[in-house]
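First, one chain by itself: the form predicted alone, in structure tokens.
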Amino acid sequence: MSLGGLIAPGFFSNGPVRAALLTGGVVAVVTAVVGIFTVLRRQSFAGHTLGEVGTTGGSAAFLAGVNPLWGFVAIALVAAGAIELVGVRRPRQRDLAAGLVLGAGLGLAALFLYLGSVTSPASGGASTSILFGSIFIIGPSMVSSIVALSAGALALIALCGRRMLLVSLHPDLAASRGVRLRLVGAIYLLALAIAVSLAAETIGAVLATALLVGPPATALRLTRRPGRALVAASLVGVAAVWLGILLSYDSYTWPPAGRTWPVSFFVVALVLVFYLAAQLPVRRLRARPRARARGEV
């Protein structure tokens, strides 16, 4: 072991690990940026829906013999369009639309996974990759595609980030100032669909929501300033992904030796740990003014 036994030999020289670090870091930043708006807009369930529905696209892509990423992207865009079509201006409408899309998508996913098992009995590995991610098997050709999609999602946020923030915090004020709520909502859902698809490719369709919501929620516990929250969420997301990759790589030497623990497990666990840790200083800082007001300190 090197660096005091923290990093197994060959970590930085391993090609798949370097690709995983690059794509994982990029995806963590994208999901953090989009996730800030997701949390502020209270559309975590919509993000969860697009992630779960990604199973449909990934399994359909497997049946078609193409990379699951394109299935994730295609079905997420269709699902986002369906949510927007049903109506997402009110919370009840958002939940109703997301619930309807989620139910239909999971039904199709069950069918596609069944067909995949029938046509290819040895497809269990592919199903696991679709559900729980496959960051270590991302090929060089897919790295450029992931980076390009990430840049597209960030460009959408940069294009109307201020208006999106205003709509997220004060929709009535935004409408009074002439902001087109429907258009801003559609652009947000497009960026959300891309971000969730990228998360599904790295840590799996069923766990994509953790990377989308966890780091932003942690950042917003530490600061309410949007700019600082974006930076903090990105740092938390990148830290969770990179540490998850490192722990997964090191786990090959853990007993029983010869088996690697899934990256998605470590990433989700670390996101939860970071979120719980963020609760402690916030509670202490809030308790001090109250204590002073009562004359206790």
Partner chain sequence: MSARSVPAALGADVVCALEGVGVTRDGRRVLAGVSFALRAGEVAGLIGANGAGKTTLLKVIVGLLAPDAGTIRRATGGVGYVPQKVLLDADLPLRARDVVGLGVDGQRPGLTLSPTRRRARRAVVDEMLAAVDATAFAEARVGELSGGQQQRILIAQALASRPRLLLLDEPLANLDLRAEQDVVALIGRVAREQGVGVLLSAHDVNPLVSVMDRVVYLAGGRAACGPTAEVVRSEVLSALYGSRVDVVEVGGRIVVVAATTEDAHAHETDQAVASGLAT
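Everything numeric here is computed off the predicted structure, so don't read it as measured data. Numbering follows the first chain given and starts at 1.
Another form, the form predicted in complex with its partner chain, is not on view; read the next lines as being about it.
Using a 4.5 angstroms limit between non-hydrogen atoms, Leu166 touches its partner chain in the predicted bound form. In the predicted bound form, no heavy atom of Ser144 sits within 4.5 Å of its partner chain. Taking the partner from elsewhere, Leu220 is found to have a heavy atom lying within 4.5 Å of its partner chain in the predicted bound form. A residue is said to contact a partner when one of its heavy atoms sits within 4.5 Å of a partner heavy atom; Val179 meets this definition for its partner chain in the predicted bound form. In short, of 171-179, 73-81, 144-152, 189-197 it is 171-179 that has heavy atoms within 4.5 Å of its partner chain in the predicted bound form.
Taking its partner chain as it sits in the predicted bound form, the stretch 224-245 comes within 4.5 angstroms of it through a non-hydrogen atom at Arg224, Arg225, Pro226, Ala229.
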